[in-house]
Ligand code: UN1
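Given as structure tokens, the chain that follows is alone and in the form predicted alone.
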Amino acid sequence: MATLAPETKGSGFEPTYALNFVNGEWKESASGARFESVNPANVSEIVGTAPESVAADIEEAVRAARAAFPKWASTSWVRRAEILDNFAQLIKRDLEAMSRLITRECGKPINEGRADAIESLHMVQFAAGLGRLPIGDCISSEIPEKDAYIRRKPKGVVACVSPWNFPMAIPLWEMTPTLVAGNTVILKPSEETPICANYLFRLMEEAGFPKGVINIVHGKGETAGDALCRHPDVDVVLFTGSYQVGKLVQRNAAAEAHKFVATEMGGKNAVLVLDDADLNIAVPAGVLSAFKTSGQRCVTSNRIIVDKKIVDEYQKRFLDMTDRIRIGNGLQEDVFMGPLINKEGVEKYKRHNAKAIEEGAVVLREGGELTDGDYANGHFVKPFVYRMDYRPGTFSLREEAFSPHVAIIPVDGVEEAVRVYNDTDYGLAMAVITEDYRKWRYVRDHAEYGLGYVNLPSIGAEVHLPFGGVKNSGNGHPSAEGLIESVTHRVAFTVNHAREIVMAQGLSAKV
């Protein structure tokens, strides 16, 4: 018997007891075990609990999604979009409650919590809009009596594995284009933010998605996530997370020839500040890129690459602005930087800081944990800022820290700036600050990235643009605008209107 959840209607609702949602029913996991989700700003506050799913739960969810696929795929794009529009109206209704829940569960300041919720709304609106756009092309054939078509067809059952740092926006980046295209979905959200995902599914149920079209299974990546990605009846895996886990997902999925995997796996991003930069733009662009979400974005810049002609002045102003950052519980409106997500994140931050010192960094702000007073029960740290001359192969300048850890790197001119930027195995995001269109054009054409910005931070992607990277940052676009390519087949369909068979390429039709 499924366990029914509390009533979700009304803007003040904040769910605390997450359940799996499979084939239209709310239920506990087969294991019966549950785990806690805590507020990283105050770990004594339990935000909620969620089921610890096992392979049997994954099997049930895949079976439900597979059974629901034929009918959902045959539903018109317009009707599927109408249900997404219902969902968008519910997000509008609950926007502030969603924002506060995001802040409580993942720690980001309330301004960022609101931005996450608004981005969620934008993603659903964008996906709904796709329902009335062309889904294919009619093109010319060599033979005048033939019409040739290219159409998009859904691939089937899509597994979405999402991270904690955008606990509502990224699941919807993955799910909503997938759904409007006619696929069915199974979400495995991060175990750090199950209550946010649970909230989304309460609203999706209210929006009217048919049974089996949307499913969620909570649990650990090593158990629930691994079983989902390995399942032979999953057609597509959309993964956003670390390189190490994403590579494992790709390798495991290769066991089935039909299975497609799109991954986004982080970056070692940078802001390139050229000699003609307007420092009134360059300094806040660097601070925002390095320290928004406490450096816990895949597009965070751990490197500020600055022309030697202006590096001293830039460094002074960057440090002055960094020193004004307010750190604390994100529910306070004036807080700029909240906690790291967990103790493991704090330990990784410390390791990267220590490695930079070992490699010869000139420490400008020593960072460290904040443990007194209001910080006592959270995972709070201060910005770690250092200056380091570029050397090829340096760990600190090449590996993602995922924390408020940033290097100022002096360079000589735009060409060296790009060479230094490219010296990493990642290629996700970059920003260039310059008043010279020739310089930003050089950066545009020679840097290795998926998302580029001019006179802006390296953060701030919009949903109607593709989101993904190159090299170890990923193999495609597992979310936002570019996702349709991953979750649909482009099929060719040719119709003959003649009274006889006439073949292309002059091929004989005689038997």
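Residue indices: 1-based, along the sequence shown. Owing to the predicted nature of the structure, the values given are computational and were not obtained by experimental measurement.
There is another form of the same protein, the form predicted in complex with this ligand; it is not shown, and what comes next is about it.
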May I ask whether Asn165, Val299 and Gly460 all come within 4.5 angstroms of this ligand in the predicted bound form, judged by heavy atoms?
-> yes
Should Trp173 be counted as a contact of this ligand in the predicted bound form, where contact means heavy atoms within 4.5 Å?
-> yes
Proximity of Phe467 to this ligand in the predicted bound form, heavy atoms at 4.5 Å = yes
Report yes if any heavy atom of Glu192 sits within 4.5 Å of a heavy atom of this ligand in the predicted bound form; otherwise report no.
-> no
Glu119 within 4.5 Å of this ligand in the predicted bound form, heavy atoms = yes
Heavy atoms within 4.5 Å of this ligand in the predicted bound form: which of the stretches 250-258, 406-414, 291-299, 70-78 has them?
-> 291-299
